[in-house]
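Shown here is one chain on its own, the form predicted on its own, set out as structure tokens.
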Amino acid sequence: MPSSRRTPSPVIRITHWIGALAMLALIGSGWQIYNASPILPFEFPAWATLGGWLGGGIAWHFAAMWVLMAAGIVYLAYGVLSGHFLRDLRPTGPRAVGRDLALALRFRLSHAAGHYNAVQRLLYTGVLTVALLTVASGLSIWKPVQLGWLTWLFGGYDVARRIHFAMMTLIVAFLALHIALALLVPSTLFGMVFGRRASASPKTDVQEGTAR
């Protein structure tokens, strides 16, 4: 049984922060690219974009994409070989998710450091799936000729572009929730930054929410 004070391993922490910075660059540059040819009746404000113009946005997007893919490959390899995915992120049944979600909404969900509850497992498994779909749909609109089979699987270039935008939107929503919960439960953020948990009483650990 994992220790109640177990903290993320160095591999998880390093890939987490590299991936987070790369994802922010991808989002900002992606919004810059979107503004050049919007698919919805709005554009993103200039302050939220990265690159300054279409060419700059594309350059930032591709640079950040390779960084994210490298960090993702290391994380996926570690997750499989170390048993992290099977031990910590294996989804539980719908009854467990419903129970933990109800407790979380009433701020009564127990949380032990290093342990992922059913809601966390569902969220993290879901965002990993969304990230893979984001990469795949992005590749399909980047190389629609060379990867024509992939573009076809997504329903064509236009559909793939909309799927890519939708997946990006889900990632932004997850990041907003993730950051909000991390700020509400700062001991989890402390552990992800410094590799150890801030001193806290057992009562504080039990009162922590679903953030990790």
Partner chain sequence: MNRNRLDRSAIAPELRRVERRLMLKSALSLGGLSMLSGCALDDEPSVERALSAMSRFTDWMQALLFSRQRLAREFDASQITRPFPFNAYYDESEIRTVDPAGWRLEVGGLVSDKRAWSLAQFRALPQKRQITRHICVEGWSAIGDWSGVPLSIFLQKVGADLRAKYVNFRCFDDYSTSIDMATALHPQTILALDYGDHALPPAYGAPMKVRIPTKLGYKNPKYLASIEVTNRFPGGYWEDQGYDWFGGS
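Every value quoted in this text rests on a predicted model; they were computed, and no experiment measured them. Residue numbers count along the first chain shown, from 1.
Just so it is clear, the following notes concern the form predicted together with its partner chain, a form of the same protein that is not shown.
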| item | value |
| --- | --- |
| Heavy atom within 4.5 Å of its partner chain in the model of the complex - residue from 180, 54, 153, 173 | 54 |
| Proximity of residue 43 to its partner chain in the model of the complex, heavy atoms at 4.5 Å | no |
| Any non-hydrogen atom of residue 50 within 4.5 angstroms of its partner chain in the model of the complex | yes |
| Heavy atom of residue 166 within 4.5 Å of its partner chain in the model of the complex | no |
| Touches its partner chain in the model of the complex: residue 31 (any heavy atom, 4.5 Å) | no |
| Candidate stretches 122-130, 96-104, 72-80, 135-143 - the one whose heavy atoms come within 4.5 Å of its partner chain in the model of the complex | 135-143 |
| Heavy atom within 4.5 Å of its partner chain in the model of the complex - qualifying residues of 10-27 | 24 |
